[in-house]
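In the form predicted on its own, a lone chain appears below as structure tokens.
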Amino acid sequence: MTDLREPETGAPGLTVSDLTIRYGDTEAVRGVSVQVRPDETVAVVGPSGCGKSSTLRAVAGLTPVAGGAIGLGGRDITHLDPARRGVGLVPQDYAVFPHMSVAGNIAYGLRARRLPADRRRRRVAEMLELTRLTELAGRRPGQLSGGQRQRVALARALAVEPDVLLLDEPLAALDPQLRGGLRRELSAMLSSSGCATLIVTHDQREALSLGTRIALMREGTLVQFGTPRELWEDPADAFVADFLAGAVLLEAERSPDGAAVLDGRWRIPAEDLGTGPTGHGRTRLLLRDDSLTVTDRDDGAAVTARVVHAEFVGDAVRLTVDAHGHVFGVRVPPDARIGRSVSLAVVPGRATLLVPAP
């Protein structure tokens, strides 16, 4: 299970310790602790209104902190002005200056810091190369695509060598058809930059592909913080399983013969279960879309479920089914004949047993 102990505010990189944010009487963020190490990208993800954007804005100095502390590079920046924090911010709309060229946008922060002209030119050239914008250096933002404007904003933020880079929904403004390729480009650029990076996103795929670690929030609190694999394979609770992977997490009772779920209504034989806890006792069963199959079996190894929805997804039909108040996803061949109910069984080896949550 993921370690949620409070980080040390004076540690290298970015540390957010027991952060609380209030808007009037509303507590938007409560007791959140996250650390971003140098050369690491942490993705903060969660549904709308969970407090992820408020957390990023607090790090940037744009939202007051009601409690807790924020450290950056060993300094306490909790109450510092935004300009003195050493952060580079790429807002959701990129906020590039339309009257400046690409090179002018990148040089803006360097001029504000009175960097000598020769050093400024070298740094701009470095950022143009990093973000593959060299050939577009003289263009204005109105002549660029959305992905190119994003790279301009990224280069401008990195040019001043911030202690941490903050990205607010970096791909949300882009055409869905372009996001896959741009996600890979962004990942490569962040790896090359060597800067501690905090990304806020509502997109699970972005979080999994961009984050070295993921902080999953819900209703203002941190639910789980760990590597993508940890959250995917060992979710802290049913919310994490469903939100991040569309999976279902069931309480189960383990015995040498298998596992009983749904209050004993469904008994899954031991030979159908993957690796996990053995013997007797309470455990948890993780089921994904590929964990289940529709079967003709009518014994205890199968459970009857009501078909709620059927959706054609190209090479298959994805069924949403309800079994004793629990909703599952299951894929069937596109030509399968499905009635109002189905019998479900576990695909051998595809269901994962997890140790109980502490």
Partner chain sequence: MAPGTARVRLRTPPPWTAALPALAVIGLFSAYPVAVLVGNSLGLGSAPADGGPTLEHYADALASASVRESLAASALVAGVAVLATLVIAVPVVLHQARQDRAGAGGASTDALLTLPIALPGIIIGFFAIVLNGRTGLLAPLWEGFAGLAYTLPGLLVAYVYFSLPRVLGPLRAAAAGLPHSLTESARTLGASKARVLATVTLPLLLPALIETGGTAAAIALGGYGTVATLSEGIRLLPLDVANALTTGYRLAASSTLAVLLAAMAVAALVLGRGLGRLVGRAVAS
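Positions refer to the first chain, counted from 1. Predicted model, so just to flag it, every value in this text is computed and none were measured.
The protein also exists as the form predicted in complex with the partner chain; that form is not presented, and the subsequent description refers to it.
Between the options 125, 137, 117, 80, the residue in contact with the partner chain in the model of the complex by a heavy atom within 4.5 angstroms is 80. Only one of the listed residues (71, 109, 147, 226) places a non-hydrogen atom within 4.5 angstroms of the partner chain in the model of the complex, and that residue is 109. Contact annotation for residue 64: at least one heavy atom lies within 4.5 Å of the partner chain in the model of the complex. Residue contact check for residue 190: none of its heavy atoms lie within 4.5 Å of the partner chain in the model of the complex. Using a 4.5 angstroms limit between non-hydrogen atoms, residue 95 touches the partner chain in the model of the complex. Under a 4.5 angstroms non-hydrogen atom cutoff, the partner chain in the model of the complex has residue 84 among its neighbouring residues. The candidate spot formed by 57, 91 and 142 is fully in contact with the partner chain in the model of the complex: every one of the three has a heavy atom within 4.5 Å. Only one segment in the set 192-200, 260-268, 154-162, 125-133 has any non-hydrogen atom within 4.5 angstroms of the partner chain in the model of the complex, and it is 154-162.
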